[in-house]
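So this first bit is one chain, no partners, the form predicted on its own, shown in structure tokens.
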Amino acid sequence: MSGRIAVFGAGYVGLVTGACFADLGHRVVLRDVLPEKIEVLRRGEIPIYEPGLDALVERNRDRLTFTTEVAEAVDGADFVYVAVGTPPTYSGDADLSAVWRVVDELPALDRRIVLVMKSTVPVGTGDKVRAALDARGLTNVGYVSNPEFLAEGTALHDFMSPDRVVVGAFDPADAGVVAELYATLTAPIVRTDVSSAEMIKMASNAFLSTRISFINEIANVCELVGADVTAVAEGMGLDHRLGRHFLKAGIGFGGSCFPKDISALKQLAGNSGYHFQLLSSVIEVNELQKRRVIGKLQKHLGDLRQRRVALLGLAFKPGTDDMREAPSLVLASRLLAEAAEVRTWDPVASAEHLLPAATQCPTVEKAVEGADAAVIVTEWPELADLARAEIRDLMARPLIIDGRNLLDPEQVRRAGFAYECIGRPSQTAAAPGYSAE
């Protein structure tokens, strides 16, 4: 079945969702409140970095329309997808102002449409939206929770080849027509009530975050007892009850989903009278993990004042330019607070407006030139050959802090670098030519 879909919100989730639905044969109108964003999209430019998205949008140009007008978006639409941002507030709750704006702007229609919530919202939001629609007399507007599970960098694949499609509805008929939109995909459809669909999204991200914080805790213990966390994770992952996913130690998670969703779930539990103690620890471990790099630098360099440190990778993960909750921001801020000189590099992300006191460099070589240490913050493939003679000779001190365990320790040491990683035995002795005066 092909339908006409209005997507409210032309940000990351909305743009990917709209482009993918167009590729499945549906006609899609993307609406956003920012005229400049719509103008950019109309010119054929993509305002975010997501591999393959520009080609997908171009291929479906005849089925994609962009507008700032509500009436134009909903005209003839069978579905109105809500894909607006729900950032955290200072209290930790989700800011639903953009969601409510969409609900309030919906005009009265003489036909049935289905409002589909793609944005991540707290459990109970669907009940409130349903009540608001009914209070306005919009009983011909159905409501379905259809949470997104898109990982930046692989979002197109995640949409087209999902593990599951979750559809939570008040009316089984509404669930059926939304499920039909995905009929050409082979993924299982999980049909449930609205509150359970909302919880599936939040619980999934909370559990993945817990796995990351757990393996980081194991990594920290490994450093103390001389074990190798990569071997530990491999042995754990082969257990069919555990699996290998999200057992890679590093300097913590970031991005637009995990920090926001676990904070919102913790806050939701607290507002409901339950103290979610485990999530409190997950958040604390993640924040402390980012700062452990500073201790590793001080171990080799002592006082960091006027030391030049190259942070390699700014985005919270490879394959995206997203800087939201990126560990690089914490590391750079801590280094600057220690009066260090910070240089940064990233192939697609920019932090000049976020870190004006740091110097962003166009190449890895420029970033490490004269540096006392190079820190791998994001595991971009361009950094896989960092431990080479050219880099060593450019640095004032050949020291690599590998925050993502990207490199092979023995190869790095043979190349003449001092090397620190996460959860593996580290070489504390100086490499040839190394000095920590």
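For clarity, every value in this text was computed on a predicted model and none was experimentally measured. When you see a residue number, it is the position in the sequence shown, counting from 1.
Another form, the form predicted together with a small molecule, is not on view; read the next lines as being about it.
- Screening 361-369, 244-252, 163-171, 148-156 for residues having heavy atoms within 4.5 Å of the small molecule in the predicted complex returns a single hit, 148-156.
- Among 193, 321, 105, 134, the residue placing a heavy atom within 4.5 Å of the small molecule in the predicted complex is 105.
- Of the residues 55, 384, 34, 40, just one reaches the small molecule in the predicted complex with a heavy atom at 4.5 Å or closer; this is 34.
- None of the heavy atoms of residue 18 is located within 4.5 Å of the small molecule in the predicted complex.
- Taking the partner from elsewhere, residue 13 is found to have a heavy atom lying within 4.5 Å of the small molecule in the predicted complex.
- The small molecule is not shown here, and in the predicted complex it never comes within 4.5 Å of any heavy atom of residue 343.
- In the predicted complex, none of the heavy atoms of residue 112 sits within 4.5 Å of a heavy atom of the small molecule.
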